[in-house]
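One chain comes next, on its own, written as structure tokens: the form predicted on its own.
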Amino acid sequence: MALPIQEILTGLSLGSRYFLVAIGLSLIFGVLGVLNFAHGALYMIGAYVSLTVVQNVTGSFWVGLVAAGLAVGLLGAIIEMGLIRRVYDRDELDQLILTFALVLIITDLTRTVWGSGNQTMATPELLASNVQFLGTSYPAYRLFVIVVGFAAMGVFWYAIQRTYLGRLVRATSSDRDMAALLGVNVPRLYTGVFFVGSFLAGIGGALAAPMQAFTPALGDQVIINAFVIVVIGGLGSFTGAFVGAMFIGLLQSFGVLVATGVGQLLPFLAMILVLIFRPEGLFGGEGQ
């Protein structure tokens, strides 16, 4: 009984990390209409900023976590104002080429600053031990990551569905021109949305840093899973991003019990099935 519970928790932990990336990717696409290929690179920057703050500045994981989110959010806002804003009305291929170029630039700059070798970061002391949960011993830090993922979904859902700012975001995503006529400062809103999406990617990267050795290729691994998640859940659907992220996390967790490599294969098979039988995604078109 302990093994299935541990695999479920591991899957939810993976899914929570994926969700923080996929929700930002889905938010930016749903509001701005931009499929941001550089989102994984922003996630990777979050891990490195957190590492630098923890090891060279404060020694506090919590300060590093917040600093990573703010630094990556600010970087995302600068990218939106300086580059992305200029291609909103251009062909989608131009947007993909631009964001892919950003991936190459950010990755090369990361190699220049931090090097290409493996980097590791210690688990915060407060969460370094195992705890008893549902009859099994499990790392407290991974449980913390699960809590963050579920809390992020709750906060995000409330912000989008129940607040004035959320109504502005939904209105602008539905009809940008009408929102502008009604007095919404669309450029400022777009920058804010890009900041929030990038902030979540930075938080996701900082949370991943103590759980694995990482290199400048970290973003390449994550963005593939994020794209699979948003395809399964439905582009622009926040509920779909959450369900898709947890589903992929669980598939990868249980897949390794079947055979080596199966955990990485199952998400792609799931994506193919969704594309065949429900091309808009499981929650596509529901406007959440």
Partner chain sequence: MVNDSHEDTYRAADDRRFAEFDRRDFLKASGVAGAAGLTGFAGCMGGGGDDTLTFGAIHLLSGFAAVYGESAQLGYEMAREEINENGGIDGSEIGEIVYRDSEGDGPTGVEAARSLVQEENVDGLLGLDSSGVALSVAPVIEQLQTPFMITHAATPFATATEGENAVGNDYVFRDGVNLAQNVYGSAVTASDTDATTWTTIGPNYAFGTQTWDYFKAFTQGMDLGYEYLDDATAYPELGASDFTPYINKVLNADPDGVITSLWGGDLITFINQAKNSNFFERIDNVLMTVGAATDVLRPMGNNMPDGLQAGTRYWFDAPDTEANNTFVENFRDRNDGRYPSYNAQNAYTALYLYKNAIEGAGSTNADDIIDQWDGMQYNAPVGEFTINSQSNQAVLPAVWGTTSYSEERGITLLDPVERIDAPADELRSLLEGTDLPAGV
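Here the structure is a predicted model, which means the values were calculated and not measured. Residue numbers count along the first chain shown, from 1.
Here the subject shifts to the form predicted together with the partner chain, a form of this protein not shown in this document.
Heavy atom distance at most 4.5 Å to the partner chain in the model of the complex, all of Thr58, Val113 and Ser198: Not one of the three qualifies.
Selected contact from Ser174, Thr120, Asn185, Gln161, since only one has a non-hydrogen atom within 4.5 angstroms of the partner chain in the model of the complex: The option sitting close enough to the partner is Thr120.
Location of the partner chain contact in the model of the complex, chosen stretch of 89-97, 152-160, 138-146, 72-80 [non-hydrogen atom, 4.5 Å]: In short, 138-146.
Exercise: Leu14 in contact with the partner chain in the model of the complex, heavy atom 4.5 Å: Result yes; Leu14 sits at the interface with the partner chain in the model of the complex.
4.5 Å heavy atom contact, Ser237 to the partner chain in the model of the complex: So Ser237 does not count as contacting the partner chain.
Close approach of Leu165 to the partner chain in the model of the complex, 4.5 Å, heavy atom: No, Leu165 stays farther than 4.5 Å from the partner chain in the model of the complex.
The partner chain contact in the model of the complex: Ala213, any heavy atom under 4.5 Å: Ala213: contacts the partner chain in the model of the complex.
Within 216-255, the residues that have a heavy atom no more than 4.5 Å from the partner chain in the model of the complex: The stretch touches the partner through Ala217, Gln221, Gln252, Ser253.
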